[in-house]
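A lone chain, given as structure tokens: the form predicted alone.
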Amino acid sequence: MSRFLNPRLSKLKAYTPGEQPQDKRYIKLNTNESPYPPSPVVIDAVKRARVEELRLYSDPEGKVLKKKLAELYGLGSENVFISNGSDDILNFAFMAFAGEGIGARFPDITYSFYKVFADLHGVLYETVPLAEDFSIRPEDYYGTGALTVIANPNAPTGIALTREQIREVLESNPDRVVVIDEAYVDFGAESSVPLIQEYPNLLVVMTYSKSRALAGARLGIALASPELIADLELLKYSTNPYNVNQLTMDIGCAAVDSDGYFRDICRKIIETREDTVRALVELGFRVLPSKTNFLFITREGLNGKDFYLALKERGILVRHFARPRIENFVRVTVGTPEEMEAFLAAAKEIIQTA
């Protein structure tokens, strides 16, 4: 880093994205992307994109997309915020609802960007250890007096809380914002969106990168009370009013219009996930209960890093986290049935030669 960097940021540990190697073709099971393409309606929208209008700024209010999203989730447009991916919204949440004597609390094993955002904005934070079974204990987040951030389902464990458990956290924190990061909710967990009308302190964050197969389009949404949405809008207009480009908004509208297609691919992924769980258990793996499009797995006597490297040598990428308690786990994205068969065959070969 240069001598010109703000000293406060000199110790910042940046988020490490999943690897995107270019040296050869891999079966990519490391970044939780969808194994299926976007809907035909989305693809058609890209083909019909008004490229000549890219010389113009996009609508900073995103009125058309917000209206469609509001109808989809049974809310008003005033309850919807759109941004350049959900990470952008999480960044705003730490900026808006913590600091100046208000800290943050989130699990010790969760999406690692939370720590980065806290450090970036000088927010004091407390991490709470997961339970022995790697689940989040709702009571650990009662009356925190801080910004509470919970990924539900959690990542990288894949374990979900129920809506009623989220309600308990909201009830006990009426004066602080509770962020529920629902990046993976569409793969079998209960969404907290129905609680928005009851709890003005609830901020639900979603992404179209996973279940909607639009990771490259960069579209995130937040659903909340009009007051919280207005806070996010204030920050957006103070940083980048045109943070969602016109192509992404057109694609987002098409994705909403093809809701049935998206639900169908989620069903396929869930079926493949459960088939893979059964096969892994037969191979002696411990698989944490997942409500996501990935599995968090370990096996007695199998070193997590070595397993990750052995899979990579065989052309299969998974994610390994060199962190206490989970260093012998790997996270495996659920791909197509054919991709998972290849992964299982490789895993079996590695076990037999270990």
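Not measured: the values here are computed from a predicted model. Heads up: residue numbers just count along the shown sequence, starting at 1.
Absent from the display: the form predicted in complex with a further copy of the same chain. The rest refers to it.
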| query | finding |
| --- | --- |
| In the model of the complex, the residue from Leu75, Val256, Leu247, Ala146 that sits within 4.5 Å of a further copy of the same chain by heavy atoms | Leu247 |
| Thr272, Asn91, Ser135, Ser211 - the one with a heavy atom within 4.5 Å of a further copy of the same chain in the model of the complex | Asn91 |
| Contact at Lys67, Thr127 and Lys268 by a further copy of the same chain in the model of the complex, all three, heavy atom at most 4.5 Å | no |
| 4.5 Å heavy atom contact, Arg167 and a further copy of the same chain in the model of the complex | no |
| Contact test in the model of the complex: Gly62 vs a further copy of the same chain, heavy atoms, 4.5 Å | no |
| a further copy of the same chain contact at Thr298 in the model of the complex, heavy atom, 4.5 Å | no |
| Proximity of Tyr237 to a further copy of the same chain in the model of the complex, heavy atoms at 4.5 Å | yes |
| Residue stretch of 79-87, 159-167, 189-197, 135-143 approaching a further copy of the same chain in the model of the complex, non-hydrogen atom distance within 4.5 Å | 79-87 |
| Contacts with a further copy of the same chain in the model of the complex, stretch 174-188 (heavy atom within 4.5 Å) | Pro174, Asp175, Arg176, Val177 |
